[in-house]
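First, one chain by itself: the form predicted on its own, in structure tokens.
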Amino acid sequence: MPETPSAAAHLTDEQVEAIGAELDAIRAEVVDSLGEADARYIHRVIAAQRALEVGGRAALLFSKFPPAWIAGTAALSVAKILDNMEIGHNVLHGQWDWMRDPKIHSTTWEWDHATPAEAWKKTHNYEHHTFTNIRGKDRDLGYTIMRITPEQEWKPSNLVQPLTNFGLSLIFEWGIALYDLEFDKVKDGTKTREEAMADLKTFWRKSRKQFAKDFVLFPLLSGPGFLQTAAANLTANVVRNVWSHAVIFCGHFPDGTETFEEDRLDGETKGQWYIRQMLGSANLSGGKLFHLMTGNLSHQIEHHLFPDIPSNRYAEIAPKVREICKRYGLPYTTGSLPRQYGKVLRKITRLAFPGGGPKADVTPLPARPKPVGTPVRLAG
């Protein structure tokens, strides 16, 4: 397969470490300035989310009436998106731990999601954010069911992956929950059956609460509108799933993002780690409301550089990161949601078939300088 050099191949050792120092300075500046305005922001978002959920569920008490069903379903859909994206994802990253508020803390927060918070923090915060786009280490590359890079071995089952992807988007919450159980690791012997059973029990406890809440408890409160309320809750969950799937898949899979060999981790310095995060991530363009509804994962590059910095600060960081990329000749991959998601779907469809080159937008490593320092393991 033809090889395309990494977009960072032209950088010298000194430039790599200079980029790392500049990004460290950006991080320090933001962390030093966190204060009341940031605290007010997250409190307001949580208050708005809860008002939408209460209002939506109240309207659905009268779900036999179509206007109430539409209004309640819409409000509940937005509430679930906010809970998942801007609140749950970011609180569990520890972005708001600096407030030392036990009610908004990564160690106490539980979200409206089938995946238990503790399981998600392990597979997402640690594994994905530490090994971002490392083939064989970052299991988010294809979520173990799709071929998302040409380097992955092609299997006949990949022929249906466009359909697999569509199905996954509808049940994304449950797909992630099952993915986090890591059955593939049991199969390859890197996870014991005892560990898998313990995780399965935790998943069962969380998932039955989720199911009971949306499909038993609140529908029962609607009395004769039981079926209509259950349908509304199902619709809200599907809306949230499709939205979060689209946003998350656009974070690492569009054209322009790179993946890396596992030996990239050997002696990786902090500057190299930062560059891997920038080259492996992609942003989405849009307005303030759009960024809020994506959980600011529209600033995926900034999120991967600083996963534990509050998401409301990514917009002010983005121009500085973009300027660094421009000055050092690095790509800053971004585009609208339709444009980027179209590229993702095109890649998934192309890689359903053998090959995947010669475009090879997944690149090999450049010649790396002699490793110095200790491996970087940053997680949110």
Partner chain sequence: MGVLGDIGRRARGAAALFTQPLLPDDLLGTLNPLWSASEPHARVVGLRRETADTTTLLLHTPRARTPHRAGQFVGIGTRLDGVWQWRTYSVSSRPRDPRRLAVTVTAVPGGTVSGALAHRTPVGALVRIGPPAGEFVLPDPVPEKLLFVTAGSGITPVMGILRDLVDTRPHALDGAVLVHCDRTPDELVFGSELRRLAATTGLRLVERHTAAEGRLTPDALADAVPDWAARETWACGPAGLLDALAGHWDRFGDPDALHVERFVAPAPVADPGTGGRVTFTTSGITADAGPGVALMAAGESAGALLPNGCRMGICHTCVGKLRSGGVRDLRNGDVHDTPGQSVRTCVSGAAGDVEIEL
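Residue numbers count along the first chain shown, from 1. Just so we're clear, the structure is a prediction, and the values are computed from it rather than from any experiment.
Omitted from view is the form predicted in complex with its partner chain, to which the following refers.
Check your understanding: Does G55 reach its partner chain in the model of the complex, with heavy atoms at most 4.5 Å apart?
Key -> Heavy-atom contact with its partner chain at 4.5 Å: absent for G55.
**Study point:** Touches its partner chain in the model of the complex: A28 (any heavy atom, 4.5 Å)
**Key:** No - in the model of the complex, heavy atoms of A28 and its partner chain never come within 4.5 Å of each other.
Review point. Taking heavy atoms and a 4.5 Å cut-off, does E110 contact its partner chain in the model of the complex?
Key: Yes - in the model of the complex, heavy atoms of E110 and its partner chain come within 4.5 Å of each other.
Point to revise | Interface membership of R50, its partner chain in the model of the complex, 4.5 Å heavy atom rule | key: Judged by the heavy-atom cut-off of 4.5 Å, R50 is in contact with its partner chain in the model of the complex.
Point to revise | Contact residue in the model of the complex, from D266, D101, E195, D255 (heavy atom within 4.5 Å of its partner chain) | key: When its partner chain is considered in the model of the complex, the option within 4.5 Å is D101.
Point to revise | K209, K122, K187, K155 - the one with a heavy atom within 4.5 Å of its partner chain in the model of the complex | key: Going through each option in turn, the one that passes is K209.
**Study point:** Segment that reaches its partner chain in the model of the complex - one of 309-317, 338-346, 324-332, 32-40, heavy atoms within 4.5 Å
**Key:** It is the stretch 32-40.
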